[in-house]
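A lone chain, given as structure tokens: the form predicted alone.
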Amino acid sequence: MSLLQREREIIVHNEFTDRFDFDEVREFVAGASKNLFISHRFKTTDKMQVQPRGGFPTYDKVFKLYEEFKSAGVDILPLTIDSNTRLNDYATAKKMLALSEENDVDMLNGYPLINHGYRTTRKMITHFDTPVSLRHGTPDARLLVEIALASGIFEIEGGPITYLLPYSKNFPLDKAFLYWKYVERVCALYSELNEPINRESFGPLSATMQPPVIVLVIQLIEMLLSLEEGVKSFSVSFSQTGSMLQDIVSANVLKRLARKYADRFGHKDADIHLVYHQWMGAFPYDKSFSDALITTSTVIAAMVGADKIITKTRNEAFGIPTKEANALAVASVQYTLGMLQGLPDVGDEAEEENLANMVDEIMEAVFNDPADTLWRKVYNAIKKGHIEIPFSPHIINANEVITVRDPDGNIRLYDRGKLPISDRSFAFEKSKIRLREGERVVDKIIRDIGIML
């Protein structure tokens, strides 16, 4: 028995999981419908895939949610995991699930997959015969991913950086790297049995004033960490910035550099996909404005050539959307995409060159670290502040980078902190910034955060 398999045996056997049968699961994955694999969908259609968010505690409510999504023409179904499961607190999740089922009141903010188990959940997944994407936010997702894959969920979102720094304060970063190394290896193993398991990084990060250079660097790093463990299908992603031009520039550079770095490290056979998140910041309270925001982001997704768009709803400012609001958003996005044909190729050479240069400068600084593995090089880079996420709560995050918007709404580096970018690249960024006379930077940041309100 391999060391990985010994670890897997330990991980899946605990008091909160039903009996895990590795042989049965391998047989299921090997014979699973191609329709359950988003990697197969990417290979067989040019249509942008539409995926909403959504999840409820009980099996019945998720089943009804999926029925609503299917009637609206969804391409990819989501499974959002509850906060207790994300924190590996399966005991509390079990209690809250029981209360939710007994009282028909949602006591969890998502689906406690561990407690439902893969045998039960698989019945729902195979019934709808549609790809399901696991959305969670878990630093230690080893057990969760084992149960998800056994259930027929063949896309796993997240990574050691994107599911730690924006979400956690104290969870050790080195452990997150090792736990996600486990996830990548398990996904690679199952990928050999049927279509590839698709891994997707979480591009929005803290969803607040994220400069494209940091987003792209982290996307490329998580992609490389995944591919080096044998994953063959990976999705890089980012979210709407508030500037149409910056979104187009970001997409153009991300697609080009993702392929460049994958090939550079010997992963020419890996399929790389682009995912676009609709606006992840504060939504307007006027629902007609929310509709306009959603439509605009759909147009941008088409312009950047995204392989998948992750939708929002007109109820976003008021709490967790109902299944009806979620389905309405899916139908609206599908309708808008149907009208967007023959879009022109657009971009900005100077902006793309500067963004690509900044990304390359940071990536080379990471690679030049003397550590013996990529994850240790990245770990050291984060400790040094060479990589950081603005507005991250994590204690290891430097929190020295300051961003503001320029007059065109582009997110710019006002203070580069310890990011290893050249004076020339930084001067390009600073040259675009304009503050009102007497305006404090903190006041501008607050104004810029609320750009859509």
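Not measured: the values here are computed from a predicted model. In this text, residue numbers run from 1 along the sequence as written.
Another form, the form predicted in complex with another copy of the chain, is not on view; read the next lines as being about it.
Peer 1: Based on heavy atom distances of at most 4.5 Å to another copy of the chain in the predicted complex, which listed stretch, 115 to 123, 263 to 271, 284 to 292, 144 to 152, is the contact stretch?
Peer 2: Of the options, only 284 to 292 has residues within 4.5 Å of the partner.
Peer 1: Exactly one residue in Ala91, Ala371, Ala350, Leu343 has a non-hydrogen atom within 4.5 Å of another copy of the chain in the predicted complex; which is it?
Peer 2: Exactly one residue meets the criterion: Leu343.
Peer 1: Just one of Asn194, Thr130, Ser243, Asn380 has a heavy atom within 4.5 Å of another copy of the chain in the predicted complex. Which one?
Peer 2: If I apply the 4.5 Å criterion carefully, the residue I get is Ser243.
Peer 1: Would Asp415 count as a contact of another copy of the chain in the predicted complex, using a 4.5 angstroms cut-off between non-hydrogen atoms?
Peer 2: Asp415: no, not in contact with another copy of the chain in the predicted complex.
Peer 1: Find out whether any non-hydrogen atom of Ser332 is located within 4.5 angstroms of another copy of the chain in the predicted complex, and reply yes or no.
Peer 2: Flag for Ser332 set to yes.
Peer 1: Within 4.5 Å, heavy atoms only: does Leu453 come near another copy of the chain in the predicted complex?
Peer 2: Yes, contact at 4.5 Å.
Peer 1: Residue-level contact is defined here as any heavy atom of the residue lying within 4.5 Å of another copy of the chain in the predicted complex; does Pro407 satisfy this criterion?
Peer 2: Heavy-atom contact with another copy of the chain at 4.5 Å: present for Pro407.
Peer 1: For the spot marked by Leu36, Thr44 and Ile76, is every residue within 4.5 Å of another copy of the chain in the predicted complex through some heavy atom?
Peer 2: No: none of Leu36, Thr44 and Ile76 comes within 4.5 Å of another copy of the chain in the predicted complex.
Peer 1: Could you pull out the residues of 247 to 266 that have any heavy atom within 4.5 Å of another copy of the chain in the predicted complex?
Peer 2: Only a single residue, Ile248, comes within 4.5 Å of the partner.
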